[in-house]
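One chain comes next, on its own, written as structure tokens: the form predicted alone.
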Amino acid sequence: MTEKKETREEKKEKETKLEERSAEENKEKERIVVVPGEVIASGSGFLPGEGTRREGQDIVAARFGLFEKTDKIVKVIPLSGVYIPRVGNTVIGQVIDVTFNGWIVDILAPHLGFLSVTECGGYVNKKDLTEYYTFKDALVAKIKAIKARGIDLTMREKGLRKLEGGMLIKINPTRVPRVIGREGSMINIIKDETGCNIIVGQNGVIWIKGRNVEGEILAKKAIELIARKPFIEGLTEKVKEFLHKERKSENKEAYEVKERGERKERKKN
């Protein structure tokens, strides 16, 4: 009796996994490319989101990109373009100048960011601000306000800090939603498979820090793969396959290096 019960449970578990995989694949297939002026939804049951506009009963694409529907909201994720800053965005920038009351930060936006001493999240010796942040320091900050000729930043929230070690890479900012994935699904896969800590700035700058250089390079390759092919079907599965294949190759290479070393030792003895 116990054996039959376990068999049924195993069968149910397999069916659940298949259903989840099918649902994930269907989500990927929804990623279709649309062009400006193309009707992507009709009727009052849908609401226009980012990159779309309403024309009568229709919602049309306002730019070239990927169609996405979340509940009743439809939007278009652009496939190319520059970073357009928005209040509340988390960005990664580099200190390029120090003033008497703060730091000038390049966040790869049309205007430079400014982090004042009151928004840096800690006590600062105003006699020498370089003791806190200095030239070329990489910072994770949040956009507090956007003005005519500048962008005010803040670091007075959890997780906003100076970045130590690791590597910085840059991708087209329009690819950021794809790298993050639905509810962080894609970036979490990369983190789990590479063992890296990864912070994705909405300005397209990404910080990667792992236990070793090999892990960081693998994470970088996976992110670049997504950035190159954001619109292909089944991207999540392709990224998983890529990571598994690369890890298998690395393990094989490490084993071969170890074997060669052991053979040399045996010959010496």
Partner chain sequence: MATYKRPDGREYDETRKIEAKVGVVKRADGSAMFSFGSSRAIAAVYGPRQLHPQHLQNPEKCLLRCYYDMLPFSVAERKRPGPSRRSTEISYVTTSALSPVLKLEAFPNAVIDVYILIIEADASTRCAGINAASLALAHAGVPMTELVSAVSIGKIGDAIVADITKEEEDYKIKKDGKEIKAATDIPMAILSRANKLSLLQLDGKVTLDELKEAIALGKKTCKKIVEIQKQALKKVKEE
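If you superpose the two forms and keep the largest set of C-alpha atoms that fall within 1.5 Å, you have the rigid core. For clarity, every value in this text was computed on a predicted model and none was experimentally measured. Numbering follows the first chain given and starts at 1.
One more form of this protein should be noted, the form predicted in complex with its partner chain, which is absent from this view; the next part is about it.
At a distance threshold of 4.5 angstroms between non-hydrogen atoms, residue 124 is out of contact with its partner chain in the predicted bound form. Residue contact check for residue 55: one or more of its heavy atoms lie within 4.5 Å of its partner chain in the predicted bound form.
Contact check for residue 242: no non-hydrogen atom falls within 4.5 Å of its partner chain in the predicted bound form.
Among residues of the shown chain, residue 66 is one whose heavy atoms approach its partner chain to within 4.5 Å in the predicted bound form.
Interface residue among 159, 88, 110, 184, judged by heavy atoms within 4.5 Å of its partner chain in the predicted bound form: 110. Annotated contact segment (heavy atom within 4.5 Å of its partner chain in the predicted bound form): 147-155, selected among 114-122, 189-197, 147-155, 69-77.
Of the residues in 37-70, those that come within 4.5 Å of its partner chain in the predicted bound form through at least one heavy atom are, in sequence order, 37, 38, 39, 53, 55, 60, 61, 62, 63, 64, 66. If you fit the rigid core between this form and the one not shown, you'll see the Cα of residue 204 move by less than 2 angstroms. Relative to this conformation, an increase of 3 Å or more in the Cα-Cα distance between residue 188 and residue 51 is found in the predicted bound form.
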